[in-house]
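Take a look at this single chain in structure tokens; it is the form predicted alone.
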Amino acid sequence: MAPIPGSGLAKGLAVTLRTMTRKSVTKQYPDTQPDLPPRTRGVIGLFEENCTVCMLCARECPDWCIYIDSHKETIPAATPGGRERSRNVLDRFAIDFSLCMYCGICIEVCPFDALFWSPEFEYAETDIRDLTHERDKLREWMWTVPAPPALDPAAEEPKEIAAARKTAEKLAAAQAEAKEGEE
């Protein structure tokens, strides 16, 4: 049996008429900001004070989009007769977001918590060469990083904190015994 001529047009108009009366679910992005989840992955922020220039993030990055330059500085001895120390000083930390695939490996491997996910997502550029962001821009994004979620009160205490507390308690007990012995 052949379809009635014009039935497709009638069905299309019926769908149009049905949806014309419904409220639109489309949000006009620049005018209406989206409601993002609290831990949204947007861009990577750098907490420069924690960076020890260990280069783990740059080595583990599958896209090789992290560029780090540093130099060594000699720190004088803290006590007379002590030896001088040397430390790496960060000269350049840049991420090329035109190459980055936002996998988060750099954030996961950083042992000093110098890299964080920021929910900032509006960093488009008109030229692809401008998507390499230096440490100043990465530092600005650090202030948009939300605080970590609260710890579960029923969870076990981290072993590092428990060990530090035990050591502090032993030192306090030893000091108390020393004071009692002096009196």
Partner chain sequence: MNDALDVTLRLLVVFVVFLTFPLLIGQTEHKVMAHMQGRLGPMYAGGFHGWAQLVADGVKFAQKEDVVPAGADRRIFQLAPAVALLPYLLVLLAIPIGPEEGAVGEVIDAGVFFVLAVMGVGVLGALMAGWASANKFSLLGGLRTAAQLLAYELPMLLAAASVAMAAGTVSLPGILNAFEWWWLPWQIVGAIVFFVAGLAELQRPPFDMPVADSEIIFGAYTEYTGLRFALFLLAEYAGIVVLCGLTTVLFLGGWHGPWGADGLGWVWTLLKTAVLAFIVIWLRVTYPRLREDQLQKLSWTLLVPLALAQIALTGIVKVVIE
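Note that the structure is a prediction, hence the values are computed from the model and not measured. Numbering follows the first chain given and starts at 1. Heads up, when I say rigid core I mean the largest set of C-alphas that superpose within 1.5 Å between the two forms.
From this point on, the text means the form predicted together with its partner chain, which you will not see here.
Although the partner is absent from this view, P153 stays clear of its partner chain in the model of the complex, with no non-hydrogen atom inside 4.5 angstroms. Interface residue remark: D31 is counted as part of the site for its partner chain in the model of the complex, having a heavy atom within 4.5 Å. Of the heavy atoms in A10, some are within 4.5 Å of its partner chain in the model of the complex.
Among heavy atoms of Q175, none comes within 4.5 Å of its partner chain in the model of the complex. Within 4.5 angstroms of its partner chain in the model of the complex, the stretch 18 to 57 places a non-hydrogen atom from each of T19, M20, S24, V25, T26, Q28, P30, D31, taken in sequence order. Comparing the forms between the shown form and the other one on their rigid core, the Cα displacement of R129 stays under 2 Å. After superposition on the rigid core, the Cα of D31 moves by 2 Å or more between the shown form and the other one.
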